[in-house]
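The chain below stands alone and is given in structure tokens; this is the form predicted alone.
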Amino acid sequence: MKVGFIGVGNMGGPMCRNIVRNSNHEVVVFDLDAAAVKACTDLGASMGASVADVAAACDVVITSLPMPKTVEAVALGEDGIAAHAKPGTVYIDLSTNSPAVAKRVAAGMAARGIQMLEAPVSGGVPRAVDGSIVIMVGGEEALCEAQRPLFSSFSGEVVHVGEVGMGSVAKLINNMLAFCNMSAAAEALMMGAKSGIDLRKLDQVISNASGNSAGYRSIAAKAFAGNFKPAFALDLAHKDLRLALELADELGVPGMIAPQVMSLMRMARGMGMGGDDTASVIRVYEKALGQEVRSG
């Protein structure tokens, strides 16, 4: 099978390279970043000249893109996938999207005889690299099962969650929860720093007690080391949380916690941290209180 992969950046690149390593598929890649493309072609993928070129040549076309508007443009634009892929092509979008955009793209694809699965992923760059990423799939279940071997070549867990749109719902809820946990952990760690407790001892307690979470572990590790190099950039987290809040508004669910986290993210971005890791939200507390949360 010939698989096209459009968008081989921080997340897409490792997933694409795992497909090359772990399957017998011929993989064709396209990205505006030549270095990102080279990292894939060095392993055996070939380079597509454009989105249209990849779409026309492949049986399955995958995208991993940063913004819903970019997904829609690449999928349905004049030079996009729907306009150039042959009927019967399968389109898989791994991006974090809004349910409404995912449904709109699926309808546009269906009009051209192209089947779509929305398949956002969770686990961040480290799990994209080691192939243990979690994929939540929205779309026809039979189509999901047909593509499961492909998914398995770059993931550890594949969950079919319902029709197109439900993958985005699952992803936005998961990310909202992760960001809320991380922000609560930032506040807790600053309390620890201000109290004078040995932060490593506090970490030992939390890591083995009821306060533990993936969000806590992430922010503690980065804050203690003072390393906010982006594994998942704050700007992208802000986008994901904004989409989650829009979904909550559509569903009539009152926001008691997530809107406060959004405000914290806005403050961090206003301080110039948007390109840094999401864990940078703790630096809002550090700057406000004049004390860093560090532990050797």
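In case it trips you up, residue 1 is the first one in the sequence shown, and so on. Just so it is clear, the model here is predicted, and its values are computed rather than measured.
There is another form of this protein, the form predicted in complex with ligand NAD, and it is not shown here; the text below is about that form.
- Only one of A170, V125, A184, L143 comes within 4.5 Å of ligand NAD in the predicted bound form through a heavy atom, and that residue is V125.
- Of the residues V284, M273, M11, V20, just one reaches ligand NAD in the predicted bound form with a heavy atom at 4.5 Å or closer; this is M11.
- Picking from 188 to 196, 145 to 153, 80 to 88, 95 to 103 the stretch near ligand NAD in the predicted bound form, with a 4.5 Å limit on heavy atoms, gives 95 to 103.
- Although the partner is absent from the chain shown here, none of M1, S46 and A57 has a heavy atom within 4.5 Å of ligand NAD in the predicted bound form.
- Residue contact with ligand NAD in the predicted bound form: M109 places no heavy atom within 4.5 Å of it.
- Within this chain, K239 lines the site of ligand NAD in the predicted bound form, having a heavy atom no more than 4.5 Å away.
- For V27, no non-hydrogen atom is located within 4.5 Å of ligand NAD in the predicted bound form, even though that partner is not displayed.
- Ligand NAD in the predicted bound form comes within 4.5 Å of a heavy atom belonging to T70.
- Residues S64, L65, P66, T70, V74 of 54 to 89 are found to place at least one heavy atom within 4.5 Å of ligand NAD in the predicted bound form.
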